[in-house]
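Just one chain is shown here, as structure tokens, and it is the form predicted alone.
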Amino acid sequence: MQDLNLRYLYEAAKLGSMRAAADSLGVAVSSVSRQISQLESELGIGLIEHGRRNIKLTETGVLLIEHFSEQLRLNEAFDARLSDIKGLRTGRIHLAIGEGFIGQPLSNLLIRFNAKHPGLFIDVHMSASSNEVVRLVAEDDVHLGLVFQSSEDPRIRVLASVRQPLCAVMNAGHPLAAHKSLKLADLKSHRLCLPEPSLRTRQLLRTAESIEGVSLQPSVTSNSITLLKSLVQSGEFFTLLPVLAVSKEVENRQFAAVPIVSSALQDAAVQLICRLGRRLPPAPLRMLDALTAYLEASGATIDLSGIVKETPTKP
């Protein structure tokens, strides 16, 4: 079996279709189909259920993909040891983060990290949803994830946690900006824009609304924090977000972030996560050091027990 054939089958199975696999691999759909057919011919048994629009593996196909996935993990372990020997001159780091973390503080961290380790490649995948970040981490598509209030997924280990209560965020000239604190009931008479219902922010807010007996009706919802911040900037709307998502605007006094008196919103946290039991290669481990130091400076609770570090001695 050739690795190329297996890679095409793996991508098609993971993404659900030959078209999606072709787009991901940068090849024609016919190339994906041909490679899978060659693999079936070589093995003398079907690997996918033909005639379907989406990819569905046969029992043999599932077995083969499990074998290939295990081989990928073994290869990653080998690359980790090799990178260790090379003293981190090469390596790849895959991060998944929520859109709210995009800003100058994270950019500064990446700039400093790249200057110190110019040979390490960093891939940052932005997602609007914390649930999507958790999925990417749990399925080993990324090494580390930075999320707002991750779910209770048993596959996930929380490495660092920074308390980030939800606040009412508005333009500095908004009528609510003059308050030192607010109750949910105080928000009902003002125009509200919120993250869409699938996001963790809304899930926490629903819990708070149920406890307080208050129902907030947003005029606009979106999965883009950038759009929400643009609406807030107009002065016509306010929103609810953790302060970290608007730290630059609050620091520049463009926005005000007013605490909300609600127990359900006080325990929210920003969390750095990895898959439980995953042996991180040296390059992601070095990024882990940088991210935990960054969060620790914000008052994080750090838990690195059980994380295997095989990095070379720091210069």
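Residue numbers run from 1 along the displayed sequence. These numbers come from a predicted model, not from an experiment. Superpose the two forms; the largest set of C-alphas matching within 1.5 Å is the rigid core.
Below, we refer to the form predicted in complex with the DNA, which is not included among the displayed structures.
Enquirer: Please name which of the stretches 260-268, 243-251, 52-60, 281-289 has residues with heavy atoms lying within 4.5 Å of the DNA in the predicted complex.
Expert: Of the stretches listed, the one contacting the partner is 52-60.
Enquirer: Find the only residue in 179, 125, 155, 202 having a heavy atom within 4.5 Å of the DNA in the predicted complex.
Expert: Contact check passes for 155.
Enquirer: Please tell me whether any heavy atom belonging to residue 69 falls inside 4.5 Å of a heavy atom of the DNA, as the geometry stands in the predicted complex.
Expert: Answer no; every heavy atom of residue 69 is more than 4.5 Å from the DNA in the predicted complex.
Enquirer: At 4.5 Å between heavy atoms, is residue 26 in contact with the DNA in the predicted complex?
Expert: Yes.
Enquirer: Look up in the predicted complex whether residue 18 has a non-hydrogen atom within 4.5 angstroms of the DNA, and give yes or no.
Expert: Contact check for residue 18: yes, within 4.5 Å of the DNA in the predicted complex.
Enquirer: Does the 4.5 Å heavy atom contact test between residue 41 and the DNA in the predicted complex come out positive?
Expert: Judged by the heavy-atom cut-off of 4.5 Å, residue 41 is well away from the DNA in the predicted complex.
Enquirer: Taking 2 Å as the cut-off, check whether the CA of residue 251 shifts that much or more between this form and the one not shown after a rigid core fit.
Expert: No; that C-alpha moves by less than 2 Å between this form and the one not shown.
Enquirer: When the two forms are laid on each other by their rigid core, does residue 48 show a Cα shift of 2 Å or more between this form and the one not shown?
Expert: Residue 48: C-alpha displaced by 2 Å or more between this form and the one not shown.
Enquirer: Fitting the rigid core first, would the Cα of residue 39 be found 2 Å or more away between this form and the one not shown?
Expert: Yes, the C-alpha position differs by at least 2 Å between this form and the one not shown.
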